[in-house]
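Starting off, we have a lone chain in the form predicted alone, written out as structure tokens.
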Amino acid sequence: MRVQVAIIGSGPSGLLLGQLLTNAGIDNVIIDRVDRDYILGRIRAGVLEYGTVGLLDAVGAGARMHREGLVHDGVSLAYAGVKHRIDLKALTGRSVMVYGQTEVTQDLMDLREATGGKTIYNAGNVTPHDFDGRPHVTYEKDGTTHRIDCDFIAGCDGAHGPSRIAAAQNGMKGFERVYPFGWLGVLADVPPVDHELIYANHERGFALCSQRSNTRSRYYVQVGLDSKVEDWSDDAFWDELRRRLPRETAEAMVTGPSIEKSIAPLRSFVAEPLRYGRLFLVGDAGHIVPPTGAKGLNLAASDVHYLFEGLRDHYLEHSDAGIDSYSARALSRIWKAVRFSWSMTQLLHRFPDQGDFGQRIQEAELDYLSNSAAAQTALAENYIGLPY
């Protein structure tokens, strides 16, 4: 097989890039080691920046999002038993959209199928080759090794995929911060406790009240790295969550049986550079952020934006300026989002070694945020997403 762009990974970044290329008349194929149902079974992020919403609209995948998604004009920070609302819309003129990553993926998959895009699922041993010369991707399926020749390879295959492995073997430098805790998350078919997200700082640890719809809620509590899901019954989770929220919020909460429960350790990671000859790292293949800033999926979308611009200009304008600047442009935005996610994580979590001084610094920062329009504007600008 011969295509212009081979995309490894059929998560939202691979699908979004594939659709942008298809709409521009640039031939592409997506290869993934798992099947469609497995990908749609993943429970992931749900807060979309306005830039991500715009990209989904641009490719023609935004109709259901606008029907079923929830526009949020603000977000609340809770500490010392009180909620403080940050009015995103008033401070920036922008809002965010709450719409689950699974739904984004479903919409992009359906659009790809409707527009004739080719996706190869259940491909074993997917490997990029010779990306400094004649790039191609090999994979195994039905007992046979297949080869896809291409002009460029987009690695949209996550933190443990073959694209990052190939980059690591070719001079990649990684920058990492591992946090000493994780998030225990519960998904339940109960109405959200608030119409907007609540981030809570409490002496027992961080908590987040989020949602996927008006009838499905996603809640989290900070736990130690030694915690195990099986040690947490639904009742124990709900009791702990209530303890960390302001009283009126806790009393208003509706609880019910969990339909998914998991623990995610928190870490920050950035790979540099994001380009290796004709191989490009996109999304989680190039960076991981703690979910505190709601940036993971949104950073993947901005990577796609920059890479698509470069590929479009290469094929349609005969210019390689966008390709040559892809890594620098994407990393500039990535590091700002990493900084924001790190600062939100520092602000809202209890660290084992922070001591009394660290606790007072947190309290001072939260008090400053709740009383300073300038500080709230800075938080709001980062939360709704920096411009591309």
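Keep in mind the model is a prediction, meaning the values are calculated, not measured. Quick note: we count residues from 1 along the sequence shown, nothing fancier.
Beyond what is shown, the protein has a form predicted together with a small molecule; the following relates to that form.
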Of Ala337, Ala61, Ile39, Ile323, the only residue with a heavy atom within 4.5 Å of the small molecule in the model of the complex is Ile39
Contact with the small molecule in the model of the complex, heavy atom within 4.5 Å, among Met172, Val82, Met253, Ala264 goes to Ala264
- prompt: Does each of Gly9, Arg33 and Ala300 have at least one heavy atom within 4.5 Å of the small molecule in the model of the complex?
  reply: yes
Testing 86 to 94, 240 to 248, 153 to 161, 225 to 233 against the small molecule in the model of the complex with a 4.5 Å heavy atom criterion leaves exactly one stretch, namely 153 to 161
is_contact(Tyr220, the small molecule) in the model of the complex, heavy atom dist at most 4.5 Å: yes
In the model of the complex, is there a heavy atom of the small molecule that lies within 4.5 Å of any heavy atom of Val104, even though the partner is absent here? no
Given that the small molecule is not shown alongside this chain, does Val126 nevertheless sit within 4.5 Å of it in the model of the complex, heavy atom to heavy atom? yes
Subject >> 4.5 Å heavy atom contact, Gly296 to the small molecule in the model of the complex >> reply: yes
